[in-house]
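Below, in C-alpha coordinates: the form predicted alone, a single chain.
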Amino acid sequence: MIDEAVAAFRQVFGGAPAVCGVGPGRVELLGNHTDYNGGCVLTAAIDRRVVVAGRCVTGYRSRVHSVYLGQTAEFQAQSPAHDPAFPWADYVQGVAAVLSESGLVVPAFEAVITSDLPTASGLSSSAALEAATAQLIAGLTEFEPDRLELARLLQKAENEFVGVRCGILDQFSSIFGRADQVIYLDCGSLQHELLPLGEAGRAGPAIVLCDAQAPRSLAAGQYNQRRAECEQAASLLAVALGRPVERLCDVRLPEFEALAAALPDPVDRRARHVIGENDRVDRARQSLRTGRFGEVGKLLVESHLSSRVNFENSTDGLDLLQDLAVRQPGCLGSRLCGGGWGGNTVNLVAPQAVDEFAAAIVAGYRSVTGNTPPIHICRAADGAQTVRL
(Lines give C-alpha, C1' and ligand atoms only; values in the text may rest on other atoms or scores of the structure.)
Protein backbone atom coordinates (compact mmCIF):
# COMPACT_ATOMS: atom_id res chain seq x y z
CA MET A 1 0.00 0.00 0.00
CA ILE A 2 2.89 2.38 0.73
CA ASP A 3 4.43 1.69 -2.69
CA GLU A 4 1.06 2.19 -4.38
CA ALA A 5 0.55 5.51 -2.61
CA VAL A 6 4.03 6.77 -3.54
CA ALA A 7 3.54 5.78 -7.19
CA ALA A 8 0.15 7.49 -7.30
CA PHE A 9 1.61 10.64 -5.76
CA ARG A 10 4.36 10.79 -8.39
CA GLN A 11 1.79 10.43 -11.15
CA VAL A 12 -0.59 13.09 -9.81
CA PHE A 13 1.77 15.71 -8.38
CA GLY A 14 5.24 14.81 -9.69
CA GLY A 15 8.19 14.17 -7.43
CA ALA A 16 8.09 12.19 -4.22
CA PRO A 17 6.00 12.50 -1.06
CA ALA A 18 7.78 13.01 2.25
CA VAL A 19 5.45 11.12 4.57
CA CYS A 20 2.71 8.50 4.54
CA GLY A 21 -0.04 8.34 7.13
CA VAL A 22 -1.55 4.88 7.58
CA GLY A 23 -4.97 4.30 9.14
CA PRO A 24 -6.45 0.81 9.50
CA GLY A 25 -10.11 -0.01 9.29
CA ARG A 26 -11.76 -1.67 12.22
CA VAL A 27 -14.24 -4.40 12.89
CA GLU A 28 -16.62 -4.34 15.81
CA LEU A 29 -16.86 -7.88 17.15
CA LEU A 30 -19.50 -6.93 19.72
CA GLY A 31 -20.93 -3.66 20.97
CA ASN A 32 -23.41 -2.57 18.34
CA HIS A 33 -24.43 1.06 19.03
CA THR A 34 -23.18 0.87 22.61
CA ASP A 35 -20.35 3.36 22.12
CA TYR A 36 -22.31 6.63 22.07
CA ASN A 37 -24.56 5.20 24.77
CA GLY A 38 -21.66 5.07 27.23
CA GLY A 39 -21.26 1.31 27.05
CA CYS A 40 -18.50 -1.13 26.18
CA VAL A 41 -17.32 -2.67 22.91
CA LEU A 42 -15.03 -5.38 21.63
CA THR A 43 -13.22 -4.08 18.58
CA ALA A 44 -10.11 -4.68 16.50
CA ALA A 45 -8.13 -2.80 13.90
CA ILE A 46 -7.77 -4.94 10.76
CA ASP A 47 -5.16 -5.39 8.07
CA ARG A 48 -7.10 -3.32 5.52
CA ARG A 49 -5.94 0.28 5.42
CA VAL A 50 -6.16 3.80 4.07
CA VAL A 51 -2.80 5.35 3.16
CA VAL A 52 -2.35 9.08 2.61
CA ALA A 53 0.98 10.10 1.07
CA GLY A 54 1.93 13.78 1.02
CA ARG A 55 4.37 16.65 1.32
CA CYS A 56 4.25 20.29 2.38
CA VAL A 57 3.73 23.03 -0.20
CA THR A 58 4.01 26.80 -0.06
CA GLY A 59 0.94 28.97 0.28
CA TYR A 60 -2.28 28.36 2.18
CA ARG A 61 -4.28 25.92 0.08
CA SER A 62 -3.98 22.15 0.27
CA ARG A 63 -4.79 19.74 -2.54
CA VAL A 64 -5.84 16.14 -1.92
CA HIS A 65 -6.43 13.53 -4.63
CA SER A 66 -8.52 10.39 -4.21
CA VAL A 67 -7.12 7.62 -6.39
CA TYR A 68 -10.33 5.58 -6.06
CA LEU A 69 -12.59 8.43 -7.21
CA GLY A 70 -10.12 10.13 -9.54
CA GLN A 71 -10.94 13.50 -7.95
CA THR A 72 -8.82 16.31 -6.52
CA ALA A 73 -10.20 18.62 -3.84
CA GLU A 74 -8.73 21.89 -2.54
CA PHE A 75 -9.20 23.52 0.86
CA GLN A 76 -7.61 25.76 3.46
CA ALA A 77 -7.12 24.21 6.92
CA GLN A 78 -7.69 27.48 8.78
CA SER A 79 -11.00 28.18 7.03
CA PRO A 80 -12.52 24.85 5.96
CA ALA A 81 -15.67 24.83 3.87
CA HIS A 82 -17.87 22.00 2.64
CA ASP A 83 -17.71 21.38 -1.09
CA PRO A 84 -20.72 19.34 -2.29
CA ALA A 85 -18.67 18.16 -5.26
CA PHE A 86 -16.18 16.42 -2.97
CA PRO A 87 -17.97 15.12 0.15
CA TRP A 88 -15.14 12.66 0.86
CA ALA A 89 -12.79 15.60 1.39
CA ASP A 90 -14.80 16.62 4.48
CA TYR A 91 -12.98 13.93 6.45
CA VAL A 92 -9.58 15.36 5.48
CA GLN A 93 -10.66 18.96 5.99
CA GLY A 94 -12.25 18.17 9.33
CA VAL A 95 -9.05 16.63 10.69
CA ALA A 96 -6.91 19.52 9.47
CA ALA A 97 -9.39 21.97 10.99
CA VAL A 98 -9.55 20.40 14.46
CA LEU A 99 -5.77 20.04 14.62
CA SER A 100 -5.45 23.69 13.66
CA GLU A 101 -8.00 24.67 16.32
CA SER A 102 -6.04 22.70 18.91
CA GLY A 103 -3.04 24.96 18.36
CA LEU A 104 -1.04 23.01 15.78
CA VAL A 105 0.20 25.05 12.82
CA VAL A 106 -1.06 22.88 9.97
CA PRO A 107 0.89 23.57 6.79
CA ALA A 108 -0.56 23.50 3.31
CA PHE A 109 0.09 20.13 1.72
CA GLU A 110 -0.64 18.03 -1.31
CA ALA A 111 -1.52 14.38 -0.86
CA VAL A 112 -3.01 11.30 -2.48
CA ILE A 113 -5.36 8.80 -0.83
CA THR A 114 -5.13 5.08 -1.60
CA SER A 115 -6.89 2.22 0.13
CA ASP A 116 -7.61 -1.50 0.13
CA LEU A 117 -10.42 -0.94 2.64
CA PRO A 118 -13.96 -1.23 1.23
CA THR A 119 -15.92 2.00 1.64
CA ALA A 120 -19.43 2.28 3.08
CA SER A 121 -19.20 -1.29 4.36
CA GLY A 122 -19.26 -0.92 8.12
CA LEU A 123 -15.46 -1.20 8.42
CA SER A 124 -14.97 2.45 9.35
CA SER A 125 -13.26 3.69 6.22
CA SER A 126 -14.06 7.24 7.38
CA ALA A 127 -12.18 6.85 10.68
CA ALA A 128 -9.32 5.14 8.83
CA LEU A 129 -9.07 8.16 6.50
CA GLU A 130 -9.20 10.51 9.48
CA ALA A 131 -6.47 8.59 11.29
CA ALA A 132 -4.28 8.41 8.17
CA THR A 133 -4.70 12.15 7.58
CA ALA A 134 -3.76 12.91 11.19
CA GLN A 135 -0.67 10.71 10.93
CA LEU A 136 0.31 12.46 7.69
CA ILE A 137 0.02 15.88 9.33
CA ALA A 138 1.92 14.61 12.37
CA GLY A 139 4.74 13.51 10.11
CA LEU A 140 4.81 16.78 8.18
CA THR A 141 4.97 18.86 11.38
CA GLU A 142 7.06 16.57 13.64
CA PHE A 143 4.04 16.57 15.95
CA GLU A 144 3.78 13.57 18.30
CA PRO A 145 0.15 13.42 19.42
CA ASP A 146 -1.13 11.74 22.54
CA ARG A 147 -3.13 8.81 21.20
CA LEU A 148 -6.17 9.32 23.38
CA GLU A 149 -6.32 13.04 22.69
CA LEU A 150 -5.96 12.32 18.98
CA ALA A 151 -8.89 9.89 19.06
CA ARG A 152 -11.01 12.58 20.72
CA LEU A 153 -10.00 15.15 18.10
CA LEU A 154 -10.86 12.79 15.25
CA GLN A 155 -14.25 12.11 16.80
CA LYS A 156 -14.78 15.86 17.06
CA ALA A 157 -13.93 16.26 13.37
CA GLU A 158 -16.59 13.73 12.38
CA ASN A 159 -19.18 15.05 14.83
CA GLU A 160 -18.79 18.75 14.15
CA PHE A 161 -17.48 19.05 10.61
CA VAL A 162 -18.77 15.95 8.81
CA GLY A 163 -22.01 15.97 10.82
CA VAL A 164 -22.22 12.33 11.94
CA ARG A 165 -22.91 11.97 15.66
CA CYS A 166 -20.65 8.96 16.08
CA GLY A 167 -19.09 7.81 19.32
CA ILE A 168 -15.36 7.38 19.76
CA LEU A 169 -15.27 3.68 18.88
CA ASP A 170 -14.07 3.92 15.29
CA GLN A 171 -11.33 6.47 15.89
CA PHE A 172 -10.11 4.75 19.06
CA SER A 173 -9.95 1.38 17.29
CA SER A 174 -7.99 2.74 14.34
CA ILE A 175 -5.43 4.38 16.64
CA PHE A 176 -5.11 1.82 19.46
CA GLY A 177 -5.21 -1.41 17.42
CA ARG A 178 -2.71 -4.18 18.13
CA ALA A 179 -1.82 -7.21 16.02
CA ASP A 180 -3.69 -10.38 17.04
CA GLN A 181 -5.46 -8.55 19.87
CA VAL A 182 -9.04 -7.50 20.49
CA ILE A 183 -9.63 -4.20 22.28
CA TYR A 184 -12.14 -4.09 25.11
CA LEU A 185 -13.13 -0.43 25.41
CA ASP A 186 -15.32 1.21 28.02
CA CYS A 187 -16.64 4.13 25.98
CA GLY A 188 -17.71 5.99 29.12
CA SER A 189 -14.36 6.01 30.94
CA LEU A 190 -12.20 5.16 27.88
CA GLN A 191 -10.42 2.52 29.96
CA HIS A 192 -9.38 -0.36 27.74
CA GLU A 193 -7.86 -3.81 27.82
CA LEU A 194 -6.13 -5.88 25.15
CA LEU A 195 -7.43 -9.44 24.88
CA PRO A 196 -5.81 -12.23 22.85
CA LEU A 197 -7.58 -13.54 19.78
CA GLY A 198 -5.77 -16.84 20.02
CA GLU A 199 -3.70 -18.94 22.38
CA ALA A 200 0.02 -19.39 22.91
CA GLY A 201 1.37 -21.37 19.97
CA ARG A 202 -2.06 -21.77 18.37
CA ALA A 203 -3.86 -19.58 15.87
CA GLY A 204 -7.14 -18.13 17.04
CA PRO A 205 -10.26 -17.84 14.91
CA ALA A 206 -10.02 -15.88 11.68
CA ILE A 207 -12.03 -12.69 11.24
CA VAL A 208 -13.94 -13.19 8.01
CA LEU A 209 -15.97 -10.31 6.60
CA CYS A 210 -18.75 -10.96 4.12
CA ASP A 211 -20.01 -7.98 2.13
CA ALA A 212 -23.74 -7.70 1.43
CA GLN A 213 -22.95 -5.15 -1.32
CA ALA A 214 -25.39 -2.63 0.08
CA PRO A 215 -23.43 0.60 0.62
CA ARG A 216 -24.28 2.63 3.68
CA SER A 217 -24.21 6.33 4.41
CA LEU A 218 -24.48 7.04 8.10
CA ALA A 219 -24.77 10.79 7.64
CA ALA A 220 -27.77 10.36 5.31
CA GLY A 221 -29.24 7.28 6.97
CA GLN A 222 -30.94 6.40 10.20
CA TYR A 223 -27.95 6.60 12.54
CA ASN A 224 -28.92 9.95 14.04
CA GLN A 225 -32.53 8.81 14.45
CA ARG A 226 -31.47 5.75 16.43
CA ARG A 227 -29.23 7.90 18.60
CA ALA A 228 -32.17 10.21 19.37
CA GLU A 229 -34.33 7.19 20.27
CA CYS A 230 -31.63 5.97 22.65
CA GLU A 231 -31.47 9.38 24.30
CA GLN A 232 -35.26 9.33 24.68
CA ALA A 233 -35.06 5.89 26.30
CA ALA A 234 -32.42 7.14 28.75
CA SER A 235 -34.63 10.08 29.74
CA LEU A 236 -37.67 7.86 30.28
CA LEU A 237 -35.67 5.34 32.31
CA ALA A 238 -34.28 8.14 34.48
CA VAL A 239 -37.84 9.13 35.41
CA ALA A 240 -38.83 5.51 36.07
CA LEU A 241 -35.72 4.84 38.19
CA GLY A 242 -35.86 8.15 40.03
CA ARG A 243 -32.18 8.84 39.41
CA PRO A 244 -30.05 10.46 36.69
CA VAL A 245 -29.33 8.34 33.61
CA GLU A 246 -26.76 10.24 31.58
CA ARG A 247 -26.26 7.46 29.05
CA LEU A 248 -28.44 4.47 28.25
CA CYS A 249 -25.76 2.00 29.35
CA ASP A 250 -25.86 3.48 32.86
CA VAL A 251 -28.86 1.17 33.22
CA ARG A 252 -28.03 -2.46 33.91
CA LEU A 253 -29.96 -5.27 32.24
CA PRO A 254 -31.93 -6.42 35.37
CA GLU A 255 -33.02 -2.80 36.00
CA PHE A 256 -34.21 -2.47 32.43
CA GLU A 257 -36.14 -5.74 32.47
CA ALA A 258 -38.07 -4.55 35.52
CA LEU A 259 -39.09 -1.31 33.77
CA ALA A 260 -39.27 -2.23 30.07
CA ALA A 261 -43.07 -2.32 30.00
CA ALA A 262 -43.18 1.38 30.90
CA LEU A 263 -41.41 2.40 27.66
CA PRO A 264 -43.31 2.94 24.40
CA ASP A 265 -42.48 1.08 21.20
CA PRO A 266 -40.01 1.33 19.48
CA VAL A 267 -38.03 3.05 22.24
CA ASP A 268 -38.29 -0.03 24.45
CA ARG A 269 -36.76 -2.22 21.74
CA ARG A 270 -33.94 0.23 21.06
CA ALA A 271 -33.08 0.21 24.77
CA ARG A 272 -33.37 -3.58 24.99
CA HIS A 273 -30.84 -3.95 22.19
CA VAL A 274 -28.29 -1.50 23.56
CA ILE A 275 -28.47 -2.56 27.21
CA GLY A 276 -28.52 -6.23 26.24
CA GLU A 277 -25.57 -5.69 23.90
CA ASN A 278 -23.59 -4.10 26.69
CA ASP A 279 -24.20 -7.21 28.78
CA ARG A 280 -23.09 -9.42 25.89
CA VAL A 281 -19.81 -7.50 25.63
CA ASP A 282 -19.11 -8.08 29.32
CA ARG A 283 -19.75 -11.80 28.96
CA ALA A 284 -17.60 -12.05 25.82
CA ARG A 285 -14.76 -10.23 27.58
CA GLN A 286 -14.62 -12.94 30.21
CA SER A 287 -14.73 -15.66 27.55
CA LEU A 288 -11.86 -14.11 25.57
CA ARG A 289 -9.70 -13.98 28.69
CA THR A 290 -9.92 -17.75 28.93
CA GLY A 291 -9.92 -18.59 25.21
CA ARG A 292 -13.55 -19.76 25.09
CA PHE A 293 -14.14 -18.65 21.53
CA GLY A 294 -17.21 -20.83 21.07
CA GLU A 295 -19.00 -18.84 23.77
CA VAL A 296 -17.98 -15.60 22.08
CA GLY A 297 -19.46 -16.91 18.83
CA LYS A 298 -22.81 -17.65 20.48
CA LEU A 299 -22.95 -14.07 21.72
CA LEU A 300 -22.39 -12.83 18.16
CA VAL A 301 -25.45 -14.79 17.07
CA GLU A 302 -27.52 -13.33 19.92
CA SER A 303 -26.35 -9.85 18.93
CA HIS A 304 -27.48 -10.24 15.32
CA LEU A 305 -30.94 -11.39 16.36
CA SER A 306 -31.29 -8.34 18.60
CA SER A 307 -30.07 -6.04 15.82
CA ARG A 308 -32.67 -7.45 13.46
CA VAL A 309 -35.63 -7.46 15.84
CA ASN A 310 -34.95 -4.69 18.36
CA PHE A 311 -32.71 -2.14 16.68
CA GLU A 312 -33.94 -2.78 13.13
CA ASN A 313 -30.59 -1.97 11.55
CA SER A 314 -30.18 -5.18 9.59
CA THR A 315 -31.14 -5.84 5.97
CA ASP A 316 -32.27 -8.84 3.94
CA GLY A 317 -28.75 -9.22 2.56
CA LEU A 318 -27.12 -9.15 5.99
CA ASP A 319 -29.68 -11.60 7.35
CA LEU A 320 -29.02 -13.97 4.47
CA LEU A 321 -25.24 -13.82 4.97
CA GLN A 322 -25.61 -14.41 8.70
CA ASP A 323 -27.98 -17.34 8.22
CA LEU A 324 -25.66 -18.96 5.67
CA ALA A 325 -22.68 -18.47 7.98
CA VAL A 326 -24.08 -20.11 11.10
CA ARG A 327 -24.91 -23.22 9.06
CA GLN A 328 -21.28 -23.77 8.06
CA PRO A 329 -18.91 -26.12 9.90
CA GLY A 330 -16.20 -24.17 11.67
CA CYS A 331 -18.22 -20.96 12.02
CA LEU A 332 -18.26 -20.00 15.68
CA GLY A 333 -20.58 -17.03 15.26
CA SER A 334 -21.78 -14.32 12.88
CA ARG A 335 -23.44 -10.92 13.09
CA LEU A 336 -23.72 -7.63 11.24
CA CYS A 337 -20.97 -5.18 12.08
CA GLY A 338 -20.72 -1.41 12.10
CA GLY A 339 -23.76 0.81 12.11
CA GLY A 340 -25.86 -1.61 10.08
CA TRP A 341 -28.28 -0.90 7.21
CA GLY A 342 -25.83 -2.57 4.84
CA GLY A 343 -22.15 -3.33 4.88
CA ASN A 344 -20.63 -6.55 6.19
CA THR A 345 -21.19 -9.40 8.54
CA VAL A 346 -18.31 -10.33 10.83
CA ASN A 347 -17.68 -14.03 11.31
CA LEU A 348 -15.37 -15.88 13.66
CA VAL A 349 -14.19 -18.98 11.81
CA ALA A 350 -11.85 -21.78 12.83
CA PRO A 351 -8.58 -21.32 10.89
CA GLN A 352 -8.74 -24.73 9.19
CA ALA A 353 -12.29 -24.05 7.94
CA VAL A 354 -11.80 -20.62 6.37
CA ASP A 355 -11.50 -21.65 2.71
CA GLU A 356 -14.52 -23.96 2.82
CA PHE A 357 -16.50 -21.33 4.72
CA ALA A 358 -15.78 -18.61 2.15
CA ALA A 359 -16.69 -20.89 -0.77
CA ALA A 360 -19.98 -21.90 0.86
CA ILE A 361 -20.99 -18.30 1.56
CA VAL A 362 -20.28 -17.24 -2.01
CA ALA A 363 -22.22 -20.17 -3.46
CA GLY A 364 -25.17 -19.77 -1.11
CA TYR A 365 -25.50 -16.01 -1.51
CA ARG A 366 -25.17 -16.22 -5.29
CA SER A 367 -27.86 -18.91 -5.52
CA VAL A 368 -30.38 -16.63 -3.77
CA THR A 369 -29.45 -13.18 -5.05
CA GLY A 370 -27.48 -13.77 -8.22
CA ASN A 371 -24.66 -11.66 -6.77
CA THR A 372 -21.21 -12.68 -5.58
CA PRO A 373 -20.41 -11.24 -2.14
CA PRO A 374 -16.83 -10.07 -1.63
CA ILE A 375 -15.15 -12.01 1.18
CA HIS A 376 -12.32 -10.46 3.23
CA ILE A 377 -10.22 -12.78 5.37
CA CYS A 378 -8.61 -10.52 7.95
CA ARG A 379 -6.52 -10.51 11.09
CA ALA A 380 -6.32 -8.02 13.94
CA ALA A 381 -3.62 -5.47 13.11
CA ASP A 382 -1.60 -2.62 14.55
CA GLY A 383 -3.10 0.87 14.73
CA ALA A 384 -2.41 4.07 12.80
CA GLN A 385 1.16 5.11 12.16
CA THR A 386 3.37 7.61 10.37
CA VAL A 387 5.87 6.34 7.81
CA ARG A 388 8.60 8.80 6.85
CA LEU A 389 9.94 8.20 3.36
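Numbering starts at 1 and runs along the sequence shown. All values reported here derive from a predicted model rather than from experimental measurement.
FYI, the form predicted in complex with a small molecule isn't displayed, but the following is about it.
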{"item": "Partner contact for residue 357 in the predicted complex: the small molecule, 4.5 angstroms, heavy atom", "value": "no"}
{"item": "The small molecule contact at residue 166 in the predicted complex, heavy atom, 4.5 Å", "value": "yes"}
{"item": "is_contact(residue 333, the small molecule) in the predicted complex, heavy atom dist at most 4.5 Å", "value": "no"}
{"item": "Partner contact for residue 339 in the predicted complex: the small molecule, 4.5 angstroms, heavy atom", "value": "yes"}
{"item": "Listed residue (256, 161, 223, 143) with a non-hydrogen atom within 4.5 angstroms of the small molecule in the predicted complex", "value": "223"}
{"item": "Region of this chain that lies against the small molecule in the predicted complex, out of 247-255, 102-110, 166-174, 75-83 [heavy atom, 4.5 Å]", "value": "166-174"}
